Structure formats: structure tokens, C-alpha cells
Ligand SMILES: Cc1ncc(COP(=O)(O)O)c(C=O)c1O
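Below you will find one chain, with nothing else, as C-alpha cells; this is the form predicted alone, and questions on how it binds or moves follow later.
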């Protein structure tokens, strides 16, 4: 598969299948979609099938997939081992009003792999996992407020959406201002969220100290994707851990995405033990999934065996055996050796991107770790959301390069945050770097 020569994108042609499908979709779905993340003007390509590292659209064009359904498909498309496990389970049923052994097996694997996780409860999405984690923290502490970091995405839940997309016009000059992401967000929600600056020890200490008697949880993504894939500094995380312990605040890590960067998740690289961890994406093997895990003490708020739990938690498809079977196989395939291989490929793609920008004399840098990478078209120091926030000129560069990459057989999110899958090897990485170099040249 050649990706460096630009092809005419069939999905944009007047009579394309994509255009026809989009016109149908607009009649029954607002904007023609169920996820705003998949929309692009004038319309997106529509997926027909996928195999390994390749995705094929309904107009027959193949692209290397560096989206992987937004990091969830770490084994790419139609993995034979995962498919076999799912097909076997389908013979026996897809969901029951009873627990199954399959959820025990996946919970055992996760608790053995992630040091901070003693007990686990499953949900159907990362958003649900984060929501239940916050409910657990409030039930455990008896406090109403949470603290989160500016610009960080934690799913579709009012409280964690606060200051997700703040701008220089509304984010405040000093301490971040709590800003609404969705129209109609109640002021009471904004009042119950303390917004912190990522990697800023001084301001974080001050704000946690100020709200210490009201805070149920501090929510942190150790490598936030929407905030530039800038890693949390070890000293910063350790200080946050000290403060939360001192004041009886639950420290909750959101590893919905970052769990894929290491065998024990990003927390294993930082040497910090959170009280709770939200997970999703890779633990479902390509099926809807989420999980909240943590210390047995904090997780006990969900326990119904001693009477009505402090944090009741139901869900019709929680821990359904199809997802559990797929997730177990997916996680078993992610051995320490496979993580080492993905690390090498990640280093290769990040180095190649940096060299391409340097060769084109375009200011830029690349962040990320393991199988994740984020391309930035500026050279200012990166530490938090504000330093990674795009100027209008930078946003235009991103848009142009994205269009050129799609036209060269590379499928990547519009904000140029990519991820690798296990079917990839040096060939796919080299092809991406070549396409990126050509895209830089063409976009000028």
C-alpha cells in the first residue's frame, strides 16, 4: 500500500457513496452523526471494513488507520483471536441478569496488572467510569466538589466538562476560571469544580489548600490527549499525591487513554498510587467498555453485601460476557514484550516526525509516549493546556496538513493526535513519516 502519492479522494466526489450516506444520515440524526468527533466538512468518509492496520471506506479507498477508533483498537481491526473469543461467546448468550465468570477473569487480570487497583467495577464507557469514580469519591468523603485540570477531557459528564475548551478570552489571567463546555450547564455545576493548571505546583498547592474541606476528588489524566499529550511531571504528581493524602481527598487517575502506554498504565511509570483509576478503550477489545478500579477501602462504597450501598451502581450491559471475553483476550495479548515493541515504534514515529519538520524548516515538535503521538506546529515550551492551545494560524496549518495526510492514505484525527496498533511494524511507521513529510511540503 503506497501512502506518499496523493490520490483524489473519492468520498468528496459529487456522486460518492459517502455523500449519499451523509444525505441519508442528516434526515435522521442531528448533523448526520452520533459522535461530533467523526464529523468533518463537507462530510466525512464512511467506513466499510477494516483489517489489521488498514481501514477501507465505502468508496473503496484504503488508508492506514492511526485513529483506531480513538485509541480503543490497540490490536487494530478484526483481530482473529478477539473475533474467535467473541464468536464462541455468542453461542452461549450476549447478556444476562446474572453475573458471569468472564467479568471475574478480566477483573483479576486488571487488578494484577495495575498496582493501585484492588477492586474493579465495569461500566459501558469511559464517561461512565469517570462519572462513577466521582460518585464514589463523594460517597467516600461526604464532600461535594471536585478539582480537575484545565483543558483535560474526561468524557461526557457536566462536572468533568468544565473548562474543557476554554480560550484566552475566558480562561482567566491567573487561576483558571470555571467555564461551561455545553450550553445550559448550571452555574451550580461550575461552582462545584475547582480548575487547576497542569504541572503548576505552586498554584495547585494554593487551590487545593483553599478548598481542602470541600474537595471529594482531584481528577488527573497523567498524559491528557486534548491538552497536547503533555506528560505529567513526576515531581508534580507526587506533590498532588501528598496533598490529597494530607487532606483526605481522593486522587483519581483517568487512564482511559494512557493505560495503553505501559503494562501497568501511565501510573506505573510515575511511581504514584492513586486511590481510583478510570479505564476503558483497550480493556474492551473493541467493544463498549469502561471500568472504575481502586483501593478496596474507597471501592467499598459500591458494596451491596452489607446493606444498601453508599453509591448504588447498576447498568443493563455492565460486564456483559461478549465485552469481557474480547477484553480478556485483548489484554492477554498485550505482554511486556509487546509494549516494548510498541515503545520502539512510537519512538521511531516521533523521531521521524521531528526530523520531517526540521527538514522542512517548519517550527514544530511532537509529544507523547509509547504508542501515542501529538504533532504541534510551534516550538514554544509545552507544560499545560494553555501552552499547547493553537493560535488561528497554527490551527490552519493543522487543517491543511490533516487534509494532505488523508489524501495520502493516512487516517488520523483532525487535531493530529495519532496512535499505533499492534498489527503495525516499521513499514507502516516509515510510510506515515514519508506521507507526513510530503504533506508538509504540499500544505505550504
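Residue numbers count along the first chain shown, from 1. These numbers come from a predicted model, not from an experiment.
The form predicted in complex with the named molecule is left out here; the points below concern that form.
- Put simply, residue 148 is far from the named molecule in the predicted complex: not one heavy atom of it is within 4.5 Å.
- Although the partner is absent from this view, residue 126 contacts the named molecule in the predicted complex, with a non-hydrogen atom inside 4.5 angstroms.
- Taking the partner from the other structure, the named molecule in the predicted complex has a heavy atom within 4.5 Å of a heavy atom of residue 155.
- Within this chain, residue 221 lines the site of the named molecule in the predicted complex, having a heavy atom no more than 4.5 Å away.
- Out of the listed residues 136, 330, 130, 217, 130 is the one that sits within 4.5 Å of the named molecule in the predicted complex by at least one heavy atom.
- The contact residue chosen from 162, 276, 256, 283 relative to the named molecule in the predicted complex is 256, the criterion being a non-hydrogen atom within 4.5 angstroms.
- The stretch among 185-193, 248-256, 169-177, 351-359 whose residues place heavy atoms within 4.5 Å of the named molecule in the predicted complex is 248-256.
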